[in-house]
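Here you get one chain, nothing else, as structure tokens; it is the form predicted alone.
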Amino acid sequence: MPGRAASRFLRGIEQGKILGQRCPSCRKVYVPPRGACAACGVATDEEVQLGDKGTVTTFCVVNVPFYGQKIEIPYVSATILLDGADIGLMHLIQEVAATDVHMGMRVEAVWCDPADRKPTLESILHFRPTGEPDAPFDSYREYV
């Protein structure tokens, strides 16, 4: 059962919002929120609504099939640093060849139909390239 911070995050996802929490001490924004700052050890009560665009900081091309797999291989799992966040979010990158995914790629969330949204990250189907220029390495280097 998710805690209070995770529950608010998941209810936000159901409403098409990505909610994080800001640490009152170091000002880092956690998404998904954890309810406390891992660095400062204080509660993170300030809620922050983030956009659904971000930057690929790391990624993995998956070529190994597994039982129950729903996605055709190869596919890309990536850490996405949402704009305004200080912690990367893991999700899938699609609508682009796996060989074209790269660090610094700007991506955006592709949401499922609002009527089908549930309090789960599966309400974001995947992320896809925005077509924007790549983010400069210095803008995400400390998150790699």
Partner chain sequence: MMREVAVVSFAQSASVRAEDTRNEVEILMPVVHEAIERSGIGRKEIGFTMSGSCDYLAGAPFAFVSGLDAVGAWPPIRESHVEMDGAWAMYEAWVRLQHGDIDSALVYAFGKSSLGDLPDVLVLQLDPYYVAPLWPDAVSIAALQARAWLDAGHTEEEMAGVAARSRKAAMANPMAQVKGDHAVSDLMREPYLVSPLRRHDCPPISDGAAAVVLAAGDLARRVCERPAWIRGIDHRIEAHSLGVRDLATSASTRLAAERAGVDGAIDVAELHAPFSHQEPILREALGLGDGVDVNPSGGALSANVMMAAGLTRVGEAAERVIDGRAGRAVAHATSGPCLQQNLVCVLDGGVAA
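Numbering follows the first chain given and starts at 1. Please read all numbers here as calculations on a predicted model, not as lab measurements.
Below, we turn to the form predicted together with its partner chain, even though it does not appear here.
Its partner chain in the predicted complex comes within 4.5 Å of no heavy atom belonging to residue 84. Using a 4.5 angstroms limit between non-hydrogen atoms, residue 42 touches its partner chain in the predicted complex. Among heavy atoms of residue 35, some come within 4.5 Å of its partner chain in the predicted complex. Although the partner is absent here, residue 141 is not a contact residue: none of its heavy atoms lies within 4.5 angstroms of its partner chain in the predicted complex. Residues within 4.5 angstroms of its partner chain in the predicted complex, judged by any non-hydrogen atom, belong to 42-50 and to none of the other stretches in 76-84, 55-63, 42-50, 103-111.
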